[in-house]
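A lone chain, given as structure tokens: the form predicted on its own.
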Amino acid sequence: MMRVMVVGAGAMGCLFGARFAAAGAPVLLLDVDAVHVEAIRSRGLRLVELNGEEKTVRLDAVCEPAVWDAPADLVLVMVKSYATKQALRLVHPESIAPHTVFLSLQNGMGNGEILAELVGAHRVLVGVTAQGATKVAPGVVRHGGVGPTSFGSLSGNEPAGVSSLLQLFAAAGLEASYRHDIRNLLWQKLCVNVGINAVTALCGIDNGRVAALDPARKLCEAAVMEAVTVARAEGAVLPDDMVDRVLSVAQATASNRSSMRQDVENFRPTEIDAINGVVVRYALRHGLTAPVNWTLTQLVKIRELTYGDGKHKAEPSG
């Protein structure tokens, strides 16, 4: 069984870590949240399943670099996109071996490229997942949704260890596949985030209201259409009904609060630069414009700079 280090023990990192540990894999969680880490260390990770069943999974957790008793086979990167580079400082060099594979299942674009600069493109995998989870308290995570996980190599060369990784997901009861068209899937996931996250964060609405409210729907549609145009300029192949797919996701997750909305409501930095901001940056290099995504990006940045009454002000995301 693969030895797994999870960098970023938020809701999703804990979900995957708990499932891998329950399947018999050695798992080490790394996170800077000392209270959360101590809760896991002292009481175990409590996972609330979709059916309401609760289970406690015992696994190691640390909030500073530590030498594991043997190198990791897999480093699963689950931090917010703006923290990717800094988060790898939690991984002790002696816990990494030449065969170690790095897998990013983060939101936004550009995380794989950052990892490639740090550890080499030949062992970096990037992917998307339809699994969902929410951190409800230190050491407590609620599973929020089930779906497939897909990953692939940005370099085009399949790294060693992929078959073992697929076996790990299968043992953990998680549907997963290796995809050679992963860049297309990354852009599809980005379109979903582009159309839903900033709108819900700025307006304080649940996902379903994006599809239900005419002004919100129009704003979503315009942002997604810009993203589709930029994606195709980048060489990605996207379905013609991408806008309808995004609205369907909003309807299917009607009662959900998007991650960006949760960040704004909790006075935390957002991933706006890796989502709507990416569309703007990539548009520029193709001589295109993305005024809707530019505006959404600036509005979210204004929110970040004016959090609370000044006592809870967050650092801007960029």
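Residue indices: 1-based, along the sequence shown. Just so we're clear, the structure is a prediction, and the values are computed from it rather than from any experiment.
Beyond what is shown, the protein has a form predicted in complex with a small molecule; the following relates to that form.
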{"property": "Candidate from Ser81, Gln188, Ser95, Asn207 lying within 4.5 Å of the small molecule in the model of the complex - any heavy atom", "result": "Asn207"}
{"property": "Contact residue in the model of the complex, from Val77, Ala223, Val141, Ile196 (heavy atom within 4.5 Å of the small molecule)", "result": "Ile196"}
{"property": "Contact label in the model of the complex: Val249 to the small molecule, heavy atom within 4.5 Å", "result": "yes"}
{"property": "4.5 angstroms heavy atom contact with the small molecule in the model of the complex for Leu115", "result": "no"}
{"property": "Partner proximity in the model of the complex: Ser150 to the small molecule, non-hydrogen atom cutoff 4.5 Å", "result": "no"}
{"property": "Contact test in the model of the complex: Thr134 vs the small molecule, heavy atoms, 4.5 Å", "result": "no"}
{"property": "Candidate stretches 59-67, 254-262, 281-289, 46-54, one within 4.5 Å of the small molecule in the model of the complex by heavy atom", "result": "254-262"}
